[in-house]
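Read the single chain below, which is given as C-alpha cells and is the form predicted on its own.
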C-alpha cells in the first residue's frame, strides 16, 4: 500500500505565559515560541507506519513551508517514512483552499492508495483541509477516524461524531482519511532513528515545479482580524486554616445565591 501523510509544523503555545497578537492583527507573535509537529499528525504518522509494516508499500511525508519545516519531515523519517517532500512556500497565513490546491498538485505526482491528514491543526483548527483535498482529487474520504483496518482495494474505518456516536464505513481505495487523536499510541523515536533520518535526503520543490504561481492562488476565505477573547472573572484564592476557609467559601456561595 502506498501512503501519503500530509503533516505540518505549529507553534507550541502550551507553555507560553502570554500569547500576544502581532501588530498586523492577523497572527500571533512567534519570536519566543518553540515549534513542533502538529499533535494530530503524530497519530497520522503512527497509523501510516503501522499500515506499511502490516501491508508493505511506501510512506511519503509531505509538508508545505520554509526550510525550518524540515524538522517535522525528519521526525516523519525517524518514525518510518521512506521519503519526504517539502514545498518551499510559506502558507501559514493562507486559507485552506490555497494549501489544498498546492497539495493536490503534489499528490497527483505520486503513487498513492491512501492519503492521511490530521483531523485538524493546533493553530487554526478549522478541520477543512483534508476534505478539500479529497474533493479536488475526486476521491472518497472520511473525517475524524478513530479506527481503521485496510485490505486490498478497501479500507474499513470508524469515525467519531458528537456525544461519542460512532459511524462505520467501508471505503474503496484510493481514499483520504483525517485521523483523530487516540487512534493509536505514537511510537518513541530512538536516537538511532533520528541519526538515520538526518542522513536521508529531503526533496524540496517550488510552486513553479508544480506549475503554479502565487498569482493563480486565490483565497476563498480572507482573515480580517485576530484577537484574544475578553478576560473572564478572575479566580479568588482562599487561604487560611480549614475552618476559616470553609466559612469564607460558604459565605461566597451564599452571597452568589447558590444556596
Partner chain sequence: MTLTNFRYGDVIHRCFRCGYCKFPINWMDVNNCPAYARFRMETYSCGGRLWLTRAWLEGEIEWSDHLADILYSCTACKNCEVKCPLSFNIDILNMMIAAKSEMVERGEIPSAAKEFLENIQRQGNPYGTSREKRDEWMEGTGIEAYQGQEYLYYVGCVGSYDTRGQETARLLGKVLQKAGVSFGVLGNDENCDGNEVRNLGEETLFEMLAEDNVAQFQGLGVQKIVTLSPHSYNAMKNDYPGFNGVFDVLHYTQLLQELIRNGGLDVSGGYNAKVTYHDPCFLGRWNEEYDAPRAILRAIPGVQFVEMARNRNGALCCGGGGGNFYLDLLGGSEDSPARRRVREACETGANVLAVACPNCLTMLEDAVKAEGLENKLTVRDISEIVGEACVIK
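Numbering follows the first chain given and starts at 1. Predicted model, so just to flag it, every value in this text is computed and none were measured.
As for the form predicted in complex with its partner chain, it is not shown, yet the points below apply to it.
This chain appears without its partner; in the predicted bound form, the one residue of 174, 80, 186, 127 with a heavy atom within 4.5 Å of its partner chain is 186.
A single residue from the set 32, 67, 200, 26 has any heavy atom within 4.5 angstroms of its partner chain in the predicted bound form; that residue is 32. Taken together, the three residues 12, 36 and 42 all come within 4.5 Å of its partner chain in the predicted bound form, as judged by their closest heavy atom. Across the options 228 to 236, 212 to 220, 189 to 197, 55 to 63, residues that bring heavy atoms within 4.5 Å of its partner chain in the predicted bound form belong to 189 to 197. Though the partner is left out of this view, residue 18 does reach within 4.5 Å of its partner chain in the predicted bound form, counting heavy atoms only. Along 65 to 79, one residue reaches a heavy atom to within 4.5 Å of its partner chain in the predicted bound form: 75.
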